[in-house]
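Here's a solo chain for you in structure tokens, the form predicted on its own.
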Amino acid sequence: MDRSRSTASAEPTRPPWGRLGGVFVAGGAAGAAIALALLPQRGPQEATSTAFALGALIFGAALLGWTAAVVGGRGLETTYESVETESQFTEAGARRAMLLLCALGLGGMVGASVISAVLT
């Protein structure tokens, strides 16, 4: 086992604030676009509810994934190191990825809510 490969300590521990903000805005735009695209077919209430539900689905799945990364990420990282795979998986990387997905889903929910407030 190669003990010199300690990628977890080399990675930054702070969240990527700039990318989080960008992904949140992109999620908001996507949520608003989905609500507006569904508006002619389903009406304002159902269109915004559907867009909000899609954002909530992404947010919930990402939150579950973040929890799994916190609980089992270190063990999975150690397993990859012990079997000497070429995987670049790290606990910190998994947490950052799930945090970005949480921002995307949250942005989608906010975008759908804003469109709902504008339409009603």
Partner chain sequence: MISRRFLLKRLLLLIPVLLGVATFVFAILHLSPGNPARTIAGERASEEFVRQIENDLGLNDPIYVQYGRFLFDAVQLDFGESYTIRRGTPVSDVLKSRFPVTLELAILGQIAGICFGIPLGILSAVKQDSLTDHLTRIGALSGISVPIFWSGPLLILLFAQWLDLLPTNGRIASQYSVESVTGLITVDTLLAGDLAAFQSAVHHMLLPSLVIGIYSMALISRMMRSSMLEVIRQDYMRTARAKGQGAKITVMKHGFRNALIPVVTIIGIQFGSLLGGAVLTETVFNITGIGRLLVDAISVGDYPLVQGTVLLFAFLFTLVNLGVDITYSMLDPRIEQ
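Positions refer to the first chain, counted from 1. None of these values were measured; they are calculated from a predicted model.
Separately, the form predicted together with its partner chain exists; it is not shown, and the next lines address it.
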Q. Counting only non-hydrogen atoms and a 4.5 angstroms cut-off, does Gly60 reach its partner chain in the predicted complex?
A. yes
Q.
in the predicted complex, is there a heavy atom of its partner chain that lies within 4.5 Å of any heavy atom of Phe89, even though the partner is absent here?
A. no
Q: Give a yes or no for Trp66: in the predicted complex, does one of its heavy atoms lie within 4.5 Å of a heavy atom belonging to its partner chain?
A: yes
Q) Do Thr85 and its partner chain come within 4.5 Å of each other in the predicted complex, heavy atoms counted? A) no
Q) Does any residue in 69 to 99 get within 4.5 Å of its partner chain in the predicted complex, counting heavy atoms only, and if so which ones? A) Val70, Val71
